[in-house]
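Below are two forms of the same protein chain, given as structure tokens: structure 1, then structure 2.
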Structure 1
């Protein structure tokens, strides 16, 4: 059942003992939105826990510092920024996939798996939705809550550079700064600072770039060997996904990274009328018009070919 923001607010006000779920390979939006919601609900005297079936990057750890999450019998399961239960990870999906009462999401590819779904496909981030939801609940937007949400807004819009950025995005960002969000620190951390290890991984990624389809498609491939050589891991690849699209003339940029399972996670970024979600849908994935993802089988050459074929199919459809 689809619900609106008022009904979502009533759900949280009327209930207690919440478990908030984030997706695997977590980003700033799923974590920032969940942490902000957890902090606000806790301040309202409710018991809240959070679960992510994957490692949380160290840059996101501040969101949960000092947040009192206790063990209790879960009554209400809420998924945040999770379009499909398979994105919860196998263990979390097996335990909670059929128990999700509410899903808060902004992906057009949402599978409508929850009992209730609060969905805004035009929202640049779930963090925007959560901000407005907390306002509807008359929750106190503290500086740390504002920082969590500002992280979600900026990371899902590429610091306001992506085409999903709207007037509402800027207005909410301004309100979060007014509420005390550490805008300078967040932007510096996520967009202006690189570790030496990340710089080494970025160099290897650029060296791997290949062009296809009359240079309209660029692909970079991150392998397990690159992680080992650079001293990095999977949590440090998000900022690389935009590199291929930044090349002049490229309509579709693809970053694929090798997972421990041998599969390859693909992040697709597009320009103009080319929809990344259509490309990824051909391979069982989904997402937004300008940014989407999917997982394909290895080895590397097979994964690249599968992505390029999907890109070619969508480009031909648009021609």
Structure 2
């Protein structure tokens, strides 16, 4: 059943003993939105726990600092920014995958696996939805809640740069700063800080850039060798996925990275009417119109070919 913001607010007000679930390879939106909800519900006297079937990066730790998450018999399972139960990770999926009562999400590709789904596919981030949900619930937006949500708002929009950014995004950003979000600290951490190792990886990635299809498609390819040379690993590539699309004239930017399995994970970013989700769907993946992902077999040359062919099909379709 699809529900709206009022029904979602009523659900949280009427119930207690929540377990909030974030997706694996957790980002600022799944964690910030869950942490903000957890903090607001806790302040309302409710018991809340949070579970993520993956390691939480140190930059996100502030979100859960001082939040008392106690063990208790979970009554109500809520998934946050999780489009598919497989994104919960195997263990969490096995335990809670078929028990999700409410899913709050913004992915057009949401599998509608929960009993109730609060979905806004035009929302740039779940954090925007949770901000308005907390307002609807008349929850107090404390500075740390504002910082959690500001992290989601900025990380899911590339700091207001992606095409999903709307007037509402700017309005909510202003409201969150007014509520005390550490906007400068958050933006510095997530967008203006890189380790020397990451900077080295970035240089290798830029050096690998190749152009296809009359320069309408740019591909960077990050191999295991590059991770080794730079002292990085495949969890550190998120901020590189936008680089190929930045080149003037490029409609589709692709970053592929070699996984430990020898497969290649591709992140596709598009401009204008070209749908990244359509390109990735051809290769068994999915995502948003402007940003999507898929996994293809190696070796490197095969992976690049597979992507370029998929890009070509979708560009031809659009022509």
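Remember, predicted model here, so these are calculated numbers, not experimental data. Whichever C-alpha set is largest while still superposing within 1.5 Å between the two forms counts as the rigid core. Residue numbers count along the first chain shown, from 1.
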Structure that is the form predicted in complex with a further copy of the same chain (1 or 2): 2
Selected hinge residue, 136, 163, 191, 259 [rigid parts, motion between structures 1 and 2]: 191
Rigid-body rotation of the smaller part between structures 1 and 2, in degrees: 11
Residue 228 CA shift between structures 1 and 2 in angstrom, with the core used for superposition: 4.3
Between structures 1 and 2, how far the Cα of residue 285 shifts once the core is aligned, in Å: 2.5
